[in-house]
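Here you get one chain, nothing else, as structure tokens; it is the form predicted alone.
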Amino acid sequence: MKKAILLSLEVDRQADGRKSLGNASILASLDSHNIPVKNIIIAVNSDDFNVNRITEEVIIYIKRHESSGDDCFLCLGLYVWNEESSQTLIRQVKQRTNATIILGGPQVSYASKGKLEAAYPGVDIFIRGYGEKALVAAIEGQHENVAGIHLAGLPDKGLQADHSLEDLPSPYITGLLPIVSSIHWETQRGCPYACEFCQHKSADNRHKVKTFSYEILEEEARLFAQANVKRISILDPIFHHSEGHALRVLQILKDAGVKAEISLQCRLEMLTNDFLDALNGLKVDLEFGLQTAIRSESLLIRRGNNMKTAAQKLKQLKQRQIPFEISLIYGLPSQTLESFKRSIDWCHQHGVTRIKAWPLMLLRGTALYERKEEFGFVESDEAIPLVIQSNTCSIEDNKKMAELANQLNLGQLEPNHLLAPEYGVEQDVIFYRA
């Protein structure tokens, strides 16, 4: 018999007790094909994390089943934060067992063609792209039927697994993912935009968006209402990029009687009256990834913001009393400490009371990852590397940005204290005169 070990080395975020939706979706797919699975979820940032202890647990499980004549498949999702731990685990499992090791996740999906074997010795099968159906096919030995499955030692086509989402089993409906007070939810995957810092695109750079079955979304929404869920964080990169889809999902939530706070990732310039009207009757919290208010910076990362339109939309949100927050990134190409302050002040001047700011990460497969040398990026020596220096920002100024970001994220940065500017408008961007 074939046995799978689904190992998820994840990052726990503060005050976020939600189980991984990605892990549960893979688990539901394996379960629907009657593949026995041992599911292990471990936080690599927990105080008691020990890769050797986890490795020993995995090896003991594999050896016990191998002694009974079972074929074991160790399945891991590789992310920037668990790469080092995964390499240690893979090496020991390969030395001490006969398990087939299958590796997927962003670090694999966005790896260059022909580079996987050298980067991850000991791995037998690699999966690029969506993992639900590809992993089942890999375990069942149907490799030739699914693009995105690469067998170590054979020519690497660099393709990605790509399948419909409509017939995937729901981890919530199957009961494999408990419905707790605060949950994650997907209604679609993919993003039509090409921001240079973001991995929300297919591994072959096609910016496709696929939706889940509306019938399944309806059943899930009813379950959420029955369970009296308090918060639903919808993971769709741009929830309303297709207004028809957004309006239908919002109506599904209303029809189900969902009372939870619903977090939606949106884009300011794309807000329409029809979409804002459709929010009536729901408790929503909109999140806008503005990233920067400086046009030259936004163009460098292909996130060109129309600041006049953005300002108009902010006014509408305030008039309608719709809760929202703006997020910024610091460490961007051409950004300086002063230009970061100007982005913050632009938000303050337009009445934004909730601002978050996050450091730039150079994620594999993104354009900025490939342009490190051009922009002089220097990264921190951490499990999750962060940009700490660039051609236009010193390490010292980056630390000052981080201090400002921390104050913003804690809600401790008062408006207009950074500068006492005389405001003007130039090329849709607020600027300051000395």
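Residues carry their position along the shown sequence, with the first being 1. Here the structure is a predicted model, which is why all the values come from computation and not from measurement.
Beyond what is shown, the protein has a form predicted together with a small molecule; the following relates to that form.
Q. Pick from 100-108, 322-330, 175-183, 249-257: which stretch has a heavy atom within 4.5 Å of the small molecule in the predicted complex?
A. It is the stretch 322-330.
(Q) Under a 4.5 angstroms heavy atom criterion, identify the one residue in 304, 122, 158, 359 near the small molecule in the predicted complex. (A) The residue in contact is 359.
Q) 310, 266, 300, 317: which sits within 4.5 Å of the small molecule in the predicted complex by any heavy atom? A) Checking each option against the small molecule in the predicted complex, the one that comes within 4.5 Å is 266.
Q) Every residue in 21, 130 and 171 with a non-hydrogen atom within 4.5 Å of the small molecule in the predicted complex? A) No, none of the three is in contact.
Q.
residue 291 versus the small molecule, in the predicted complex: is there a non-hydrogen atom within 4.5 Å?
A. Because a heavy atom of residue 291 falls inside 4.5 Å of the small molecule in the predicted complex, the answer is yes.
Q) Does at least one non-hydrogen atom of residue 238 fall within 4.5 angstroms of the small molecule in the predicted complex? A) Heavy-atom contact with the small molecule at 4.5 Å: present for residue 238.
Q: Find out whether any non-hydrogen atom of residue 151 is located within 4.5 angstroms of the small molecule in the predicted complex, and reply yes or no.
A: Outside the cut-off, so no.
Q | 4.5 Å heavy atom contact, residue 73 and the small molecule in the predicted complex | A | No, no contact at 4.5 Å.
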